[in-house]
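Two forms, one protein chain; structure tokens for each follow separately as structure 1 and structure 2.
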Structure 1
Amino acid sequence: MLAYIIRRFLLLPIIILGVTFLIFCVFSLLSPMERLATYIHDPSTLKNPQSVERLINKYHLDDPFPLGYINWLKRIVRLDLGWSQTANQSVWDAICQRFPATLELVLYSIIPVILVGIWLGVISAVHHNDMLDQTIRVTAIIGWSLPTFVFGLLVLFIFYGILDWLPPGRLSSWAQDIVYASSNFHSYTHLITIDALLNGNISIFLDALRHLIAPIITLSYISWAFLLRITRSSMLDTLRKDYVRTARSKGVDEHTVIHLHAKRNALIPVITVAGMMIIGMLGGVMITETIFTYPGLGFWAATAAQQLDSGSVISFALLFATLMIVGNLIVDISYALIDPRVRLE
């Protein structure tokens, strides 16, 4: 087990290095002038040819490709990601400021994705081809067939446009005054729902939760619909295995057969899909956050792309790729914990 984990950790820096190389290849397609725009605070600086030449030399933007990649990598290691014209602050500060909002949204979305998706997938497989199975499958097919932006707009139209229950944004204006302007509210985690509870302010907690419900529904419904289908297929395949038939023939209780013998083995492929899906949510929030004007990483990245803020877009891609790599490592380790055969390979 330890050797397996060590091997995975040794591969981690190599993979990250390969990803940074590919991202720099895309970045290097821009001209030195365009790349310089990602490092300067005042665009008027580009009007002075002497200043432009001096800054290009300073940031090594005219170096040969290998040397340019090394210098760019050094800045990445120092967390010098450049300047975001969209956020009007350094890219790193923009990421730190917006990441908690996205993390809060994703954390709450994981709950229905994992619990509902796996739970309904197991139920659907156990009740194969009966009315309950058919109902669950139709619900999953509808969810998986709808594009995120279509489903999100439907949720926004119904629950805000018609019913006026679930407003967009992250907080109401009165709650923003308390959270961001009042000295009585302390931000411990920058996750507003948790900070509200830590401050003992239930009204802020309920307001933040009210703003989160619609994005959570949009982000989780399509994901758990897909996870349900994967769980159902894997569970059906496992229930047909010889060891399950043997357990049943020996008179083992059906609950034990399903949850002890079949479910654990059926979850092995599900873990891969679920792990990548959860990490992928951090990248998929771009559409959801844009629809609901939720001020997280996705909304910022979408705005940066519209305004051709290449430094912000490249940094978002780098962050998302790193999270995907780390998530894949966590999935591999989880594989080893659940399936002993992986440890013995």
Structure 2
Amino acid sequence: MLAYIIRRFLLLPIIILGVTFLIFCVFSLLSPMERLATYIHDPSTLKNPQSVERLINKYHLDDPFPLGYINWLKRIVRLDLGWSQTANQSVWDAICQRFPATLELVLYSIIPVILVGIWLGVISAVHHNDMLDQTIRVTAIIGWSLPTFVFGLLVLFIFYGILDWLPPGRLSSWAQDIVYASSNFHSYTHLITIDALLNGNISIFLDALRHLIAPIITLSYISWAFLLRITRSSMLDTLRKDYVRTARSKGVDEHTVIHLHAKRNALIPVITVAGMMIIGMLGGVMITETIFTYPGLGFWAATAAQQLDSGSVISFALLFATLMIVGNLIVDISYALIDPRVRLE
């Protein structure tokens, strides 16, 4: 067991390195002039061919691939992630600024996803193959078949356009003023809802929550369908087990059988999948954040990818890869700890 954990930890940096190497490879497909495009949005700012030379020189755009990668590695070791052209600030600052926003969104999304997904999955399994099951399954599948961006835009339309209940962005203007510029407001965690509570400011708390609802609905609605399926099949599996049959034959009431005995064991694989899903969400927020103009990592990553801002993209990929791998590891280990039947090879 310990050996397994140690081995996985040792492999961690190798995999991360592999990810960054791959991205670097992809970017090296671009010629220096094409890479210039991240810095120049208008050819009119290049007054003469010398400007092009100057710029290529200044940003080391013509460094050969191995040199470029090694230089980048050297900088990363010093925790210097470089400059983000798309965010107009250093990459580190860009990430620090946006990470709490995405984290807040994902954390709050987990609740409805898990509650609804698992709840409906259990119901679906218990009523296996009758109308309720079919209805739930079909609803889930339809939900899964609709592209996020259409759903998100519709949510925006209904809840903002028509009802004016849930505006886009992260905060209203008056709240932004207080959070960003007032000396009375202390940002401890940069999760605005938590900070608002810590500062004792209920109105900001509610305002932030209000801005979160629509993105949460959009972000979570695909995920709960997925979780539903896993829960359902796992629950079906468990309900057929011998010990469940035994409990039933002993006269235990159905309700207790389902919720006390079966569900606990059925949820084991579900939890691990949920763990991976949460991390996956961190990468999947791009579209949701774009639609609601929610200033998180996803929005920035989408812009950076489009404008070929290599510094930002590589750093985002690095961050995401690290989270994925670490998360994966934690999930695998906890799975092994929880379920003694699992053997780790």
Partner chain sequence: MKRNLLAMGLLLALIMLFASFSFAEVKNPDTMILATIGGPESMDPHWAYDTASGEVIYNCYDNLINYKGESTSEFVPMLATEVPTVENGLIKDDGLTYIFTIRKDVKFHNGDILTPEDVAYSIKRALIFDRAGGPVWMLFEPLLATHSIEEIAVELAGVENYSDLFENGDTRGELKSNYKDAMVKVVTDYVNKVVEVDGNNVIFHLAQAYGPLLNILAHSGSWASIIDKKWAIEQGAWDGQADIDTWWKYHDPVCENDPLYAIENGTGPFVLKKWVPEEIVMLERFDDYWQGPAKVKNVQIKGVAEWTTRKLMLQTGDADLAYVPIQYLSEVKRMEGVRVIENLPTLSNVVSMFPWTINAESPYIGSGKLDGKGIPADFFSDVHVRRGFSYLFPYDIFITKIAKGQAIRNSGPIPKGILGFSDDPSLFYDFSIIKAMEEFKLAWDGELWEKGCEFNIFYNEGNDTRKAAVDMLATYAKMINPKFKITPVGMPWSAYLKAFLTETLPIFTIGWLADYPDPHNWVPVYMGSKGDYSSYFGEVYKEFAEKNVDPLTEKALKETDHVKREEIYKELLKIAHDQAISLYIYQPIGHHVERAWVKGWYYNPIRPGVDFYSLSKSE
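Remember, it's a predicted structure, so these values are computed and weren't measured experimentally. By rigid core we mean the largest C-alpha set that fits within 1.5 Å across both forms. Here, a residue number simply tells you its place in the sequence of structure 1, counted from 1.
Enquirer: Would you indicate whether the form predicted alone is structure 1 or structure 2?
Expert: Structure 1 is the one predicted alone.
Enquirer: Look at Lys263 and decide if its Cα position differs by 2 Å or more between the two structures after superposing on the rigid core.
Expert: Yes, the C-alpha position differs by at least 2 Å between the two structures.
Enquirer: After a core superposition, would you say Ala181 shifts its C-alpha by at least 2 Å between the two structures?
Expert: No: Ala181 shifts by under 2 Å between the two structures.
Enquirer: Thr293: CA shift of at least 2 Å between the two structures after core fit?
Expert: False for Thr293: its C-alpha shift is below 2 Å.
Enquirer: Having superposed the rigid core, state how many Å the Cα of Asn71 shifts between the two structures.
Expert: With the cores aligned, its C-alpha sits 4.4 Å away.
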